[in-house]
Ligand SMILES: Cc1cc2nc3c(=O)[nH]c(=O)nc-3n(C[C@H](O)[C@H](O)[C@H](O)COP(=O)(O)O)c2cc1C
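Form predicted on its own, single chain, as structure tokens, below.
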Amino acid sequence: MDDKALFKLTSGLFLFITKTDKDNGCIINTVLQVTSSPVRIITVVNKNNYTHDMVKKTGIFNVSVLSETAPMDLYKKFGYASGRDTDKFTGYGSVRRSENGILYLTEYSSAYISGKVIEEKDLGTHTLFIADVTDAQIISDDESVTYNYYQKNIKPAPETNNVNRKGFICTICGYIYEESTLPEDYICPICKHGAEAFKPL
């Protein structure tokens, strides 16, 4: 089976934000509206993300729908570091709080959606959250980014100086694992994708 075929599925990229004792957010690629009355969405979040644990505690979140204008620095800030180790919103001023008290982006976003979790399902490495939409607002007329657009237009091309290096490179974020074999259960420490996202150098 060619797992890369799954990368052909159309999806967007979103900043998933919540708050406990501090604000935190992570990049996710699964948010779908599933009902219109009541208005409900689902989100799927990797359990390795600190934001995942925070939402399990609070049950509330905002999703900022990222636009094509979002720079790579935003993806690095919220996708390549853990909120366990850093305060991702320190010095980041392009945010406001919605009525639920959670931050949302005021730039690099086409909309935000507030959710209140009503049910969750354990999917192994991820949790699926079913949520009632409690608020939603359009931020800009910019096109919402797709995963394909991100790969082709935002994410930097892989470094070409890896010719003599041995190991495996993550096709999502470019992290290099410098060992001769990659464990089947290996998780990228940067973007949290599994071994299926790696290819030999």
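One-based numbering along the sequence shown. On a predicted model such as this, the values are computed, not experimentally measured, just so you know.
The discussion below concerns the form predicted in complex with the ligand, not included here.
Residue in contact with the ligand in the predicted bound form (any heavy atom within 4.5 Å), chosen from I169, I60, C26, V145: C26. Remark: S98 does not count among the residues lining the ligand in the predicted bound form, judged by a heavy atom distance of 4.5 Å or less. Taking non-hydrogen atoms only, I190 approaches the ligand to within 4.5 angstroms in the predicted bound form. Contact between S64 and the ligand in the predicted bound form is not found at the 4.5 Å heavy atom cutoff. Interface residue remark: T30 is counted as part of the site for the ligand in the predicted bound form, having a heavy atom within 4.5 Å. Contact here is defined as any heavy atom lying within 4.5 Å of the ligand in the predicted bound form, and by that definition not a single one of K56, L103 and Y112 is a contact residue. Scanning 80-99 for heavy atoms within 4.5 Å of the ligand in the predicted bound form gives Y80, A81, S82, G83, R84, K88 in sequence order.
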